[in-house]
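Below you'll find only one chain, the form predicted alone, shown as structure tokens.
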Amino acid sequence: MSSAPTSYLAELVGVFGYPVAENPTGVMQEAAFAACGLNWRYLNIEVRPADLPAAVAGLRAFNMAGINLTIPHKVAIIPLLDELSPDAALMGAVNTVVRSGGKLTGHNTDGKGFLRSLREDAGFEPAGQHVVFLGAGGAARAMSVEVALAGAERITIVNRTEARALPLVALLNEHTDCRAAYVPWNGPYAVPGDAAVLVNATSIGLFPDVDAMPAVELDSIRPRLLVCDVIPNPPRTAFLQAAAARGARTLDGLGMLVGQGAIAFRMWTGVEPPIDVMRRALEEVFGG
């Protein structure tokens, strides 16, 4: 007679968002749990803004190991948590919560995922470099802060409105050692010759609008430039294809998505994430 398993209890994590049905994070996390032999489940949980306090109470009541946050909850979650990591406090946004000893701690892994992808997928070290971000939203905020903390010398924020860009520039100048500046995005942007990295931190080119590209003077993209796109679907955006055609190196959004997910996986489980498994799972979804 075979012995029964020690426990049928699964550890629960997931994502709070609205809408959240198309969020693919669970695909890579479930693949990683299976590869590591972990009895964990990742749930997409649709939470309307008014219901977020009740959802966090439910997280505590269910003894969930943690949760991811996506639109529109990354800022609203903050007063419902027990503490923030220093980087999340600096960014003013949380995308990952970890429960430990009954306390909920908010982190932001978006920028760290991008930094991991820069270093490990592209072999690029941002220290001492000039990095240009197209856009000034949540993605640009998280990535630029991490790049600045990693030692970037200069950061340029290119955005259509200064109302969103100037607070980010001020944050970078006041709380990091890099020099940040704002450039209005009133027409096709010419990439400066001293820039080492150009990052599309907008949603331009996201499925289904796959032919759209950010307004950039393509002739200013040169072979030594590293061009990055945060968009995971499709992985090879029209913008990356155009940059590659001009000899630039490229880095797709899957690397950032996998990177931030891998960091959350390690925070929750204490186990080293199987990054190759996670990326393959997403490639099957997105056709990367």
Ligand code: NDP
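All of these numbers come straight from a predicted model, not from anything done at the bench. For every residue, the number given is its place in the sequence shown, counted from 1.
Just so you know, the form predicted together with this ligand exists too; it's not on screen, but the next bit is about it.
Asks: Which single stretch, out of 186-194, 124-132, 79-87, 199-207, brings residue heavy atoms within 4.5 Å of this ligand in the model of the complex?
Replies: Partner-contacting stretch among the options: 199-207.
Asks: Spell out, yes or no, whether the shortest heavy atom distance between Asp110 and this ligand in the model of the complex is within 4.5 Å.
Replies: Result yes; Asp110 sits at the interface with this ligand in the model of the complex.
Asks: So, Arg160 and this ligand: in the model of the complex, are they within 4.5 Å at any heavy atom pair?
Replies: Contact with this ligand, yes.
Asks: Please run the contact check for Gly138 against this ligand in the model of the complex: heavy atoms, 4.5 angstroms, yes or no?
Replies: Yes, Gly138 sits close enough to this ligand in the model of the complex that at least one of its heavy atoms falls within 4.5 Å.
Asks: Answer with yes or no whether Gln260 is in contact with this ligand in the model of the complex, where contact means some heavy atom within 4.5 Å.
Replies: Taking the distances in the model of the complex, the answer for Gln260 is yes, it comes within 4.5 Å of this ligand.
Asks: Would you mind picking the one in Ala243, Cys228, Ile231, Ala32 that has a heavy atom within 4.5 Å of this ligand in the model of the complex?
Replies: Answer to the contact question: Ile231.
Asks: Tell me, which of Arg119, Arg164, His175, Arg179 has a heavy atom within 4.5 angstroms of this ligand in the model of the complex?
Replies: Only one listed residue qualifies here, and that residue is Arg164.
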